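This text opens with one protein chain seen in two forms, each one given by itself as structure tokens under the names structure 1 and structure 2.
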Structure 1
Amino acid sequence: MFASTVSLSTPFLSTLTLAPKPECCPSIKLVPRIGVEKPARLKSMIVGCKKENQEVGFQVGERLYLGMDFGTSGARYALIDKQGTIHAEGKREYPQFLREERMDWPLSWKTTLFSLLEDVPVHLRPLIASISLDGTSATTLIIDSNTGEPLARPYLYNESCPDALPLVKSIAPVNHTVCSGSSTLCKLVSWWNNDNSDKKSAILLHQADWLLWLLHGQLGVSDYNNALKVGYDPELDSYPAWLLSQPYSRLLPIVKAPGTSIGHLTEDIKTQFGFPEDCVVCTGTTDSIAAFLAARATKPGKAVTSLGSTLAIKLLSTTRIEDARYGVYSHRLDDKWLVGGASNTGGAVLKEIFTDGQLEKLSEHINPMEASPLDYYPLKSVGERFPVADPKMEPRLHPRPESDVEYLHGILESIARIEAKAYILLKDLGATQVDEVFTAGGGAKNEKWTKIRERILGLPVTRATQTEAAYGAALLALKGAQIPI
């Protein structure tokens, strides 16, 4: 494990100022005041938002910023203005495309990307100044640099390549972030050692990088959040020498800060969707960092727990902590560090047992102030990443009580205990002590779960004003638009 406190330049959070809000409600009905014309002919648009039957518009020609989140179970978009007001939002499930009896994830993600763009109200598209998006971390694609098409099936965020671990451990510093079977570097090395396809034209991209490439057309660009788990050092702002000396280092993408303008939309995309000539595409981030950005927690000690399909924890710390023994790593954010990790526990386990409606109904009958005697380790399948890095950890969801209310209570409480263990671990490893937890993701809506977590964490737990990672991605688009290419 190593911990360091560094001063890093190019602050993000402090450079990103949201203009003062005109009186406008967060979730709004758009009421175009003038006839909606074909985007190509549209000169400018005053768009109102409804608040108690008033229409509050904003300056003609003001711009909008599009963020998209490609999470575990589906994708979302959020369209905001420079005050951070949401002008449109939507979501899509991933379509199931099979190829050789396996899910064709690249086709599903690409289809979902273009479906989300179709869902953006056509009369708002000409106002969009920039686009960014987030994806699941360490979801790795090996791409043919001649075509942009995948040379192999993607390695998903929670997949592990233990075959590559001994070699990766032999080149990387002790307990470095890449020394985990689910790291991007292990996936790259596993492909390099086992795949017989033509390696000359191969490049590595993360899910977010590849989806952004479909919009800007420049292959081989990533961000220092997505690139962390392939070995990029956001403190050095470069790949380390021990990695650059490897034969496969030529597959690595160039790395920019999240929310950096890469270039304009391709002509095809502009024409197909009616986006403006000056719309830029910005580097993205990972889904749990986008959720952190959405929460707008800016002080050390503030943390965001993303209760999505997985449990991802991000604590804003002045100290950088890396320790693969526990699945702990630090993402750079501005001049501070987002210390944390991602557990395989979380909503995906709940989804296998209960529908969202059942979760809502059953939760009504839970007394959150009463401790559940049930002790589970809820996992969908074998293997855990954090706060215990154990690829062989077995799920534990039995004995199952007669009552589904008691069963759900036990699962929610057990996930809360894992969350508490994670925050205690971060403190013991030297991170800034957590003093408040914001919640993002689908689980944030469960008030009983929030109360259970407050009791077990012994901390105030509040639902972030914005819980969707897509909002955080939109903030990155806003940042990128403020800094010209």
Structure 2
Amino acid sequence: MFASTVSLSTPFLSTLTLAPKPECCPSIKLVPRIGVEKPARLKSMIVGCKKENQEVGFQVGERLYLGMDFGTSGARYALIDKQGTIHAEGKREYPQFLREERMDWPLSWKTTLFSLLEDVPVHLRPLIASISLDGTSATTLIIDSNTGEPLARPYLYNESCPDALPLVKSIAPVNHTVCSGSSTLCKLVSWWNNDNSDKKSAILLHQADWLLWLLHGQLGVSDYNNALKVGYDPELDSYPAWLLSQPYSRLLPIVKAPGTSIGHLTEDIKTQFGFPEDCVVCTGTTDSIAAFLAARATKPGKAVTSLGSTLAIKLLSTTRIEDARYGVYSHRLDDKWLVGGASNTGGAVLKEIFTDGQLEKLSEHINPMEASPLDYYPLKSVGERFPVADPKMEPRLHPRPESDVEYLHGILESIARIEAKAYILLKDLGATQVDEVFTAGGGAKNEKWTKIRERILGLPVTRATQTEAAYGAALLALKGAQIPI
């Protein structure tokens, strides 16, 4: 359970306010910093300025909290104070390392982690009290428990292991979250049955767990958000008996609440980067949950729709919902539940048809208060996950009208109808009814789309103040710093 003194579901996030910029710094400076890997692109924003060798806005004893987000194509960091003000942030693309003609993801992630630490402004590092990070959900590593090195290539978030699905379905409850080929448990079972390496020294970690281990040095620690798709029961706060009875259960990590202090930084990391002696490392979470935390949707009925490459929905509910038939599952968040799912529709479909410039110009001519007669189901390829779980669903993007404005209008409105269907499904399954939607992701910038969604959802729709998952991870670091190890 999250500590009540820094609850992430009610008072903690709702009291965070962004402090105004110091008057001596009228604009944010874009400061390039040289990191470990030259091919990795970096944009670092350092907020604040020095005056007589003191950081403006800092008080004696002021501490900072570092969060990092490891997404699908790159990573970001955000450095905040206890009021939630951002003092520095930056991003890196993953460098391309190949091993045996395959992408060496662990090396790429590790290099990026150290590059981000190097990118944190040197004069701010001694102020950092704690660190946390998020990773992509169900990205799975099988690790040697003696060395921490991967025993096999990672199973990425979007990989499926259909060979393991019948076995998983034979032991798990009907419609459980793990009953999906892309679940962490299916990946573990597939590795267990097909890999001939020594299983005695193996341990399972998620992407976030492994990266955090590089900082604190204690193998075998996870959080209950990342562990959900391996079968951990966050309501019971334990692995279920049906999972523990399996021979591979000894590979499972111990599980703590997100934002729990694990231990101090290793001496090597503190020495290399100049972090303070008391800097702690805290358990992380998944990227989508970190993004939800960043949006500060703090009460039941508040939801976040992420309009990125795909359409992802998360709703804060007093009731837990799990139903693999519809791609619906719940993450624990304090004493509440974060319910939702992810559709394959979204921005990736739009970008296959229109350029960014076209999307902006065409949107200007759309009347969002006028309903489009076009009925599409925009998908990039065959298959849908949520609110309909149908691996054979075909994309529907025809007929195409002569007017590109009408075509874009029809696509935007069709995606909005899918979003509305998703929220209706969650309510029908027993979740708290949505009453307000915050928007994250690139689609949040399109004001005409926002108006279309408001009309179809019949709800207020606003752009989230903070949309970066790294900010949510920093909030977890802040939480962990306030709880003794």
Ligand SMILES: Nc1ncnc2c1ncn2[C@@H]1O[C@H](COP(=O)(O)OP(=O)(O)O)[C@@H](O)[C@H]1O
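Keep in mind that what you see is a predicted model, and the values were worked out from it rather than measured. In this text, the rigid core denotes the largest set of C-alpha atoms whose superposition between the two forms falls within 1.5 Å. Throughout, residue numbering runs from 1 along the sequence of structure 1.
Comparing the two isolated copies of the chain, the second one is the form predicted alone. The rigid-core alignment places the CA of Trp449 2 Å or more apart between the two structures. Positional change of Thr111 between the two structures stays under 2 Å at the C-alpha, relative to the superposed core. Once the rigid core is used as the reference frame, the Cα position of Tyr377 differs between the two structures by 2 Å or more. With the core fitted, the CA of Ala420 sits 3.1 Å away from its counterpart between the two structures. Core superposition places the Cα of Lys351 6.1 Å apart between the two structures.
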